[in-house]
Structures are given as structure tokens and as C-alpha cells.
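One chain comes next, on its own, written out as C-alpha cells in the form predicted on its own.
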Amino acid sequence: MAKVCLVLGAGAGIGGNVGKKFAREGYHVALCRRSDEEGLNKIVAEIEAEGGSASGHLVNAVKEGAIEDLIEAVEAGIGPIDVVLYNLGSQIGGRSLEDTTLKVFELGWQMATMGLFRVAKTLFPRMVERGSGTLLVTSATASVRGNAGQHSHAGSMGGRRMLCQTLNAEFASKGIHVAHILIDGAVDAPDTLGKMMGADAFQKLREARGLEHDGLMLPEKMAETYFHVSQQHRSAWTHELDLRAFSDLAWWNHAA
């Protein structure tokens, strides 16, 4: 039976490329996203065309019981989940305090923090019983630095980082590897950054900083780091790391 990697947030950027990497390494990849069934099926087809094994699942992670039902279905129908990637974002763009409604602020928390808690609450008891498991968590610069207009994003991502720390403190000794992966820069991803910026502006950014310039983070290269972390020996586990393009200043070097 193939090992199983569950990807929550399997778009064409980080999530989809991490899924492809794990599939190439012999995992069955259960790819999950909220919408765009056509895009999801495309990633599954690409994996299968390379000889890999994958399944696609449309899941609204905010909906009550959806994450729990998904984990139960994968474990029962496909196999025990060895690795889970929590890749759901909570970026809503810059908004002043006045323009950040209670609903928007809560949605950020639901996506970034509560959903992660629900994954751990449902899956970790199974992993403890099996004696092993890995949780990879995509995070953002906002988890360590709160800027103006980022009330929802920074609040929710800061909570995500602290939750990773508490989960690590409780479960590392029980065989579960928790890794918080901080993405400190712009990712060359059409359905995340591309959608936020708009197609024309995104293409101009790619031409100015990406492509042959390597100034945008390439998801297929980032996926190699995700996989490496998941395979680390327990005597040398990484809990937190950050990724950025070579030409970017680190978050701690910025004035704001």
C-alpha cells in the first residue's frame, strides 16, 4: 500500500506542486481545494500522466465537519495519512481597521488557525496510535510581522505559528513531526498571487522579477524543500524554516 499525503489547499502553486513531488516519490496524493474542480482535475491528470497516484476532493474547509469528514474518508477509503500539508491561506489584501469587518476577521482565523486545529484534533490521535506522522504547515511573513492593513492576516497567521509550536511541544515526543514553513516573499503562482494582482499586473511582475530573473519563488523548487523536511530523521527535525528568493531582503531586514 502506498503512503498517503493529504494536501489541503491544492492550487496550481505550492499545494499542487508539493502534491506532484510526493506523487513522484511514490505517495498517493489526496488533493483538496474549495473550488475550481477543473483545475483540481488537471493536477490529478498531470500526476497520473507521470505514472503517479492521486485523487481530487472538493472541500470547503470552513464548513462544520468538512475537514473531519475528509480525513475519515481518506483514511477509510485510501489509507492511513502519513503526511498532511496544511496550505490554506488567509490573505484578504490590505484593509484598514475600519474596513475589516468582524466577518472578515473571523474568516481569516477560521482558515489559518481553526482549520489547522481541526486537522490536528482529528488526525493526531491516529498518528499517535501509529507512532509517526508529519504535519507541514505553509505560513507567511505575517506570522512574525504585523503591518498596517493586515489585521486579519497577521492575527490569524500569528495564531497559526503559535499553534504549530504548541502542537510540536505536545506531540514531537510521540513521533509527530510538525514543521512551520514561512514563505517570506512572492510566489510565482497564477491562482494565488496572480488572482490577487490580476492577470496583466502579474505577468508584468513575472517579466520584471520572475522567469529567468529567479526573483519570484518557484513552487516546483519549493516543493523539494517540503519533501526534504518530511523525510528528516527524528534526531534532526526542523520545526521552523523560511523560504525566499535570493534577491529579497529577509523580513527582519525590512523597515516595515
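Note that residue numbering follows the sequence shown and begins at 1. As the structure is a computational prediction, the values presented were derived from the model and not from experiment.
There is another form of the same protein, the form predicted in complex with a small molecule; it is not shown, and what comes next is about it.
Engineer: Hey, in the predicted bound form, does residue 35 get a heavy atom within 4.5 angstroms of the small molecule?
Structural biologist: Result yes; residue 35 sits at the interface with the small molecule in the predicted bound form.
Engineer: Classify residue 195 as contacting or not contacting the small molecule in the predicted bound form by the rule of any non-hydrogen atom within 4.5 angstroms, answering yes or no.
Structural biologist: Answer yes; at least one heavy atom of residue 195 falls within 4.5 Å of the small molecule in the predicted bound form.
Engineer: Does at least one non-hydrogen atom of residue 139 fall within 4.5 angstroms of the small molecule in the predicted bound form?
Structural biologist: It does: once the small molecule is placed as it appears in the predicted bound form, residue 139 has a heavy atom within 4.5 Å of it.
Engineer: Is residue 245 one of the residues lying within 4.5 Å of the small molecule in the predicted bound form, judged by heavy atom distances?
Structural biologist: Because no heavy atom of residue 245 falls inside 4.5 Å of the small molecule in the predicted bound form, the answer is no.
Engineer: Spell it out for me: taking the small molecule in the predicted bound form, does every residue among 11, 59 and 189 have a heavy atom no farther than 4.5 Å from it?
Structural biologist: Every residue of the spot touches the small molecule in the predicted bound form.
Engineer: Considering the small molecule in the predicted bound form, which of 89, 133, 159, 115 comes within 4.5 Å of it through any heavy atom?
Structural biologist: Of the candidates 89, 133, 159, 115, 89 is the one lying within 4.5 Å of the small molecule in the predicted bound form.
Engineer: Find the only residue in 179, 183, 154, 123 having a heavy atom within 4.5 Å of the small molecule in the predicted bound form.
Structural biologist: Spelling it out, the residue with a heavy atom inside the cut-off is 183.
Engineer: Quick one: find which of 206-214, 27-35, 227-235, 48-56 has residues within 4.5 Å of the small molecule in the predicted bound form by heavy atom distance.
Structural biologist: Only one stretch passes the 4.5 Å heavy-atom test: 27-35.
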